[in-house]
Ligand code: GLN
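Below you'll find only one chain, the form predicted alone, shown as structure tokens.
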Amino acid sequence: MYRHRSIAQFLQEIGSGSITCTEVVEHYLSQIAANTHLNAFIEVYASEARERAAALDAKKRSGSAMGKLFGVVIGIKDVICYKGHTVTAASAILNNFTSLYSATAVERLLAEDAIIIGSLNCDEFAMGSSNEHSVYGRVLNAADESRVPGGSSGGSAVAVQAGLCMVSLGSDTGGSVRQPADYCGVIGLKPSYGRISRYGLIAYASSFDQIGVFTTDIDDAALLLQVMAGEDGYDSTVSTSTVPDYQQEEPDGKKYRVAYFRETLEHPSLDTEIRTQTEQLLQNLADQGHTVEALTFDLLDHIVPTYYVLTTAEASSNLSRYDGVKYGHRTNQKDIHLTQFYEANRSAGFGREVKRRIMLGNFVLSTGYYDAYFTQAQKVRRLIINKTDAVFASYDALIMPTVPFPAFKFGEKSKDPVEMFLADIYTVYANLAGIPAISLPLFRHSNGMPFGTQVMTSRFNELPLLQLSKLLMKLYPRS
């Protein structure tokens, strides 16, 4: 039975002929079939994956050059477009909608001979921290099926966690890659805003959204980023800066200047074991000769409110296009005027959490409240960006917990939206500042669940982020 360790090792096995793309695809299809109860996949492209695997095997036999991701089996979150395939954002409003084009990220993966094996479950329109808000039902955490996998990219995290694909794509608006990665014990990387094109990514909040990756190996994350990153004429917000070689090795003996915010470890919501392990990690780095210093960050309690004011405002605008006129859910009611038609379509098509965020977004953008909420939130975001720039003027990296508590039981927090929002307190910071961040699966809680540590660097500085991450993964090796 195939066991994925890294893309580099897989390519060696493919090159030596000890395994074929067809054999690997059959392995993953059988694993998916055996774990359908986890509900990670919405749709499996079985026939297509088999055909592509056979074509790649034939390509290898012919002696043609193989792509960087030759035969790598990838799952994609159901907010990323793939031409000719259903994409619904896990919402009834887009029931049975077939994409007319592929996301730039998907095109670049396919150009390097990757195999897309299926679409992955998520919170509706990427709005949620538990994957309890999907029209397809909740995703189960393979480590403990009574607990949430995290959200919104829960299906993407579980697919890698349970060995249903080699790597997967998610999207991260406020932690939707890093938080489920933490809950599921895998690596979750969110690049800088603009590092990967958003063309073909269904929008939640356009100034926050970024495609991210789930892997079990740092080098795999580096390679995927290398393939997908870079300029794109279809996205005016993507960076035009040169993409470095993300697989460069760390310079011998390099010592990092690491900072942490004192308030993040003193916050009352932080689990005691997570605090203790994070403090021990920082001490271990200091003992190895790295500079580790505590800083004051007095905006921590403003981060979540700022994030939800701005993202819901953008969401209410982005989701206004879903009205049932040209595509998506349409009411069967007859003899109703246009306003009633829109109301019926959207009321039935959107789930409760999406409706809540649309209503909040409309409120903060409304006359009389725009300046009091949206404008003030934009000012706080600017303060956060300025403080972040000041931190990285003196330090290489910033370390903090990924989450305040390990994966919780289904239904435990769903009745209290404010408590659920607190799950994002450590992840939304990177999205507000536009910086890259990664969650590393370093620890295990006394309740048996995995949890990790979050590392951040300055904008478009993913190379040192990946290098430091590899150092930390060696410092805390997994069995």
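So that there is no doubt, residue numbering starts at 1 and follows the sequence shown. Quick caveat, the model's predicted, so the values are computed rather than measured.
Another form exists, predicted in complex with this ligand; not displayed. Remarks below refer to it.
Does the trio 127, 204 and 307 actually contact this ligand in the predicted complex, every residue with a heavy atom within 4.5 Å?
Yes.
Even though the partner isn't displayed, in the predicted complex is residue 174 close enough to this ligand, meaning a heavy atom within 4.5 Å?
Although this ligand is absent here, residue 174 would touch it in the predicted complex, with heavy atoms inside 4.5 Å.
4.5 Å heavy atom contact, residue 357 and this ligand in the predicted complex
Although this ligand is absent here, residue 357 would touch it in the predicted complex, with heavy atoms inside 4.5 Å.
Decide whether residue 152 counts as a contact residue for this ligand in the predicted complex under a heavy atom distance cut-off of 4.5 Å.
Contact with this ligand, yes.
Would you mind picking out the stretch of 383-391, 364-372, 175-183, 400-408 that comes within 4.5 angstroms of this ligand in the predicted complex, counting non-hydrogen atoms?
Looking at the other structure, the answer is 175-183.
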